[in-house]
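One chain is shown next in structure tokens, namely the form predicted alone.
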């Protein structure tokens, strides 16, 4: 492997890991706030990608502008979904029943996408889709840089929201110890709704970033949910920093393995890492107190 090819592979791995990090952060947020395993997260990701594609087809404008609509829309849908459906599940069986509930939601979204847009593969063609820039002999596609920038900006915004605002403090308190948070006067039910909405808003950003560089079809979400689940287990359930670190490591690992093994087999790195984590350190490698309880 030449030096420029290795550099290009590493850069692409970091860019891919950034998108994984954003999506895994949203997924682990659901579990951190409500102990919900959100199987439908990747289905909402593909829904956002379709909305970006549809927005571009109908208006001719850059699909990034669709974020002005999809982010608040998904946040609202997430809040309503948590308050109207997830919160009604019995606490004793919440985690198990949430799998069944969100699995049904994922199938519903896939069916609706197939009904309205058919199973035909879709792709957005932009003026800069084929453009690339050269970095030390490595060629990096502009759309991948835009997708990474979008994911990095969203992650930075999520970090500042959690660290610098009273809502973030209340959300972190709810994640760490819901009972103690309630004793301090925090409305944990309302905070859980907002946290769920925040997680779904990350799917809107991630889906738009995905639409810039990928061919999309209704069942594509099954391709994403496995790696995302592996990332949050390796990172530690409920740990957003852990999910981000695991996403970057596994994203680079996948990119490096694509050269000798091909695209399909390279994805096995997620499942190998998942099995190794469950055998060696079931609470994850970067998890905090929450992860250690599982």
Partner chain sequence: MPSASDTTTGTATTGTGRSTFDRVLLGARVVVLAAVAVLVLAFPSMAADPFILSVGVVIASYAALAVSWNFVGGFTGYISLGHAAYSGLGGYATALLITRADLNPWIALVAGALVVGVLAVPIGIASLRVRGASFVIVSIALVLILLLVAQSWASLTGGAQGLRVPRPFGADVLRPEQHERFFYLHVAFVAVALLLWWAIDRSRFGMGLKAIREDEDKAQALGVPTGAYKLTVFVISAFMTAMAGGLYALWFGYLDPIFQFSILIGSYMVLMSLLGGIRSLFGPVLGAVVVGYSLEFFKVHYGDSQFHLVALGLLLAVVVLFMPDGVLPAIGSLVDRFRPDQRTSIREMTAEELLEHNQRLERSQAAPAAAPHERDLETVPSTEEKR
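Computed from a predicted structure; not experimentally measured. Positions refer to the first chain, counted from 1.
This next part talks about the form predicted together with its partner chain, which is not shown.
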Practice problem: State yes or no: in the model of the complex, is some non-hydrogen atom of residue 90 no more than 4.5 angstroms from a non-hydrogen atom of its partner chain? | Solution: yes
Quiz item: Any chance residue 159 has a heavy atom within 4.5 Å of its partner chain in the model of the complex?
Solution: no
Quiz item: Hey, in the model of the complex, does residue 115 get a heavy atom within 4.5 angstroms of its partner chain?
Solution: yes
Quiz item: According to a 4.5 angstroms non-hydrogen atom cut-off, is residue 226 in contact with its partner chain in the model of the complex?
Solution: yes
Quiz prompt | Whether 71, 151 and 176 all lie within 4.5 angstroms of its partner chain in the model of the complex by heavy atom | solution = no
Practice problem: Have a look at 201-209, 164-172, 177-185, 107-115 and name the one stretch with heavy atoms inside 4.5 Å of its partner chain in the model of the complex. | Solution: 107-115
Exercise. Heavy atom within 4.5 Å of its partner chain in the model of the complex: which of 51, 252, 37, 67 fits that? Just give me the one.
Key: 37
Quiz item: Of these, 138, 97, 80, 145, which has a heavy atom no more than 4.5 Å from its partner chain in the model of the complex?
Solution: 97
